[in-house]
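To begin, one chain is listed below as structure tokens, in the form predicted alone.
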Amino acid sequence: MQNSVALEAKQLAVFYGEKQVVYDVSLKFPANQITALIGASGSGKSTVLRSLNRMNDDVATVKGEINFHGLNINEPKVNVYRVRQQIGMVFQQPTPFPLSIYENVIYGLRLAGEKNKEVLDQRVEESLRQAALWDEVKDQLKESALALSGGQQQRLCIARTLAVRPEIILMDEPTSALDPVSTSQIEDTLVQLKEKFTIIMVTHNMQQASRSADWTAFMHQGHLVEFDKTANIFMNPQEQKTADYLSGKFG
């Protein structure tokens, strides 16, 4: 792996109460690449994703290490708010707040105490440009974000995540609620974003993984079965379970 590692999970195990749902997952996520997590429903991929920025804290017990810049962010003393500034999350359903487009984008910055209007204005334009939305909304920044289409709302949510300048963006099926045109726009956006960000994405859409991801991890029943360059996973999987899943034998 030539790329430096942006984030590493070591022996990750996740429990909901007594029930273990993720077993001993170790993964190195390459910097400035898109990594897709694939697998059938219930395979543990979204649980792993949400563990990477402590989103599971209130609902599950997460064991093992999540190493980011030499720090195990799974340690109890770690500032979770700071972690989530650096490791952002975009959810399956677009979740704009009932505020203006402008206020949606800078929501996280305001929480962090940023008051300088010049900084806020600049970050709004920068983030909307990065999310490929600026040209569509630059004349409506004061209008409600709820008036945007579903695809625009999801790109707005990406912009909102980008505005706090994270290093890593986690995406939990970011296009599953969108039509094919919006899906294609988001995929194009992701490919541009990896120049500046590391992207880790859960997807059920095999075509999306093969089109967009540089690396693919296949999970089955809470176990990591295989992790390799996407082309190798799809064209020449090393594990029979991977081949069976990709050929539609289960999932």
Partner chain sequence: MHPEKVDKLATGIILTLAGIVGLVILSLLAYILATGIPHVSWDFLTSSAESFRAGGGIRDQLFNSLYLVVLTMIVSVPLALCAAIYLSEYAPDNRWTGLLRLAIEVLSSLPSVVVGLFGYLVFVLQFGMDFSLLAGALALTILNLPILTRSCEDALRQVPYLQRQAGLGLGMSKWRVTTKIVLPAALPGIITGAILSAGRIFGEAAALIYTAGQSSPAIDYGDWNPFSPASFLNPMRPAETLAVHIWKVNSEGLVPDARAVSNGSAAVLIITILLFNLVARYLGYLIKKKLTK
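Positions refer to the first chain, counted from 1. If you're wondering where the values come from, they're calculated on a predicted model, not measured in any experiment.
The same protein also has a form predicted in complex with its partner chain, omitted here; what follows describes it.
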Pick from 86-94, 173-181, 119-127, 132-140: which stretch has a heavy atom within 4.5 Å of its partner chain in the model of the complex? 86-94
May I ask you to state whether Arg50 is within 4.5 Å of its partner chain in the model of the complex, using heavy atom distances? yes
is_contact(Arg155, its partner chain) in the model of the complex, heavy atom dist at most 4.5 Å: no
With a cut-off of 4.5 Å between heavy atoms, is Asp58 one of the residues that contacts its partner chain in the model of the complex? yes
Do Leu148 and its partner chain share at least one heavy atom pair within 4.5 Å in the model of the complex? no
Triplet Tyr23, Gly42 and Asn74 all within 4.5 Å of its partner chain in the model of the complex via a heavy atom: no
Hey, which residues along 158-194 are within 4.5 angstroms of its partner chain in the model of the complex, non-hydrogen atoms only? Arg160, Thr161, Val164
